[in-house]
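The chain below stands alone, shown as structure tokens; this is the form predicted on its own.
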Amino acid sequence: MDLVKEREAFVRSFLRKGVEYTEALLEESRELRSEIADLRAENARLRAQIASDDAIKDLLKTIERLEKERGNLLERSEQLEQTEQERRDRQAAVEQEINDLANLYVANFQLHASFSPRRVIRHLSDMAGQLVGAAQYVVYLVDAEGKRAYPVASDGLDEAEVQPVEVGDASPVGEACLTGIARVREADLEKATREDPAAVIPVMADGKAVGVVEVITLLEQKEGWANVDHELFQLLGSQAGVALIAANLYDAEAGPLAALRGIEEKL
């Protein structure tokens, strides 16, 4: 009986230890499964974070590429805008040149289109007032003796202010009649006066001054000389005298055929 009890006690003790060991194993297994679940969750979170970081990196690369493309487009746009501005400036310059040439053509045509001395003087006055932009001006002609220049047209001055000038005196007009050298004020045009006019242009013919166009002051809206103004001064200086001489000689004849009388002997 003692052996039976000992055997039963041993069996119960063995079974109890097995149960305890099994329960310990089960508990450890549950803990391991819990840890595995936590590791899986952490792994999933890390994977999601890595994927998100990669997406951010790709996004940053895309943004960088787009910014670079944007910079290239802006640079190209600035170049195109500059080219367009240069084209507009060039077009404006060409249009201005065409306008200037048209003014010169009209002025030259008007000078030589009339055979009336009065009309030639009127065209000279129109050129000074309308094309050059003079507010005050006087047109002088030198007498046959070459001693005095007398006014034949003026604007913006009282009649008492317009008087003949001695050739060679100290006045701007007297000097221009003697030397045949133009005098053009390039700065502070608004300060021009009768003693220091804006421009004095001798009217030349065969190397001699036969008259002078004196531009005393300019219109308020004219702030300075343009290129065409200097061209007009040259036109006045070289062509007005010829036009006046031709008109004066023609005026003494009975028409164009009479004015050409004897020309065949001279050719």
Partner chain sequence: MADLSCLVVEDSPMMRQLLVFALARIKKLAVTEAEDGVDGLRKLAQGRFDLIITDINMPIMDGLKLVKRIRSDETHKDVPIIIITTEGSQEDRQRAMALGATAYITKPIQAPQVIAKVKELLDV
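Residue numbers count along the first chain shown, from 1. No experiment lies behind these values; they were computed from the predicted model shown.
From this point on, the text means the form predicted in complex with its partner chain, which you will not see here.
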Exercise. Taking heavy atoms and a 4.5 Å cut-off, does Ser154 contact its partner chain in the predicted complex?
Worked result: no
Exercise. So, in the predicted complex, is Leu131 in contact with its partner chain at a 4.5 angstroms heavy atom limit?
Worked result: yes
For this session: State yes or no: in the predicted complex, is some non-hydrogen atom of Asn99 no more than 4.5 angstroms from a non-hydrogen atom of its partner chain?
Result: yes
Exercise. Would Tyr150 show up as a contact with its partner chain in the predicted complex if we use heavy atoms at 4.5 Å?
Worked result: no
Problem set entry | Listed residue (Ala93, Leu73, Val106, Val184) with a non-hydrogen atom within 4.5 angstroms of its partner chain in the predicted complex | Val106
Exercise. Residues in which of 163-171, 136-144, 114-122, 176-184 have heavy atoms within 4.5 Å of its partner chain in the predicted complex?
Worked result: 114-122
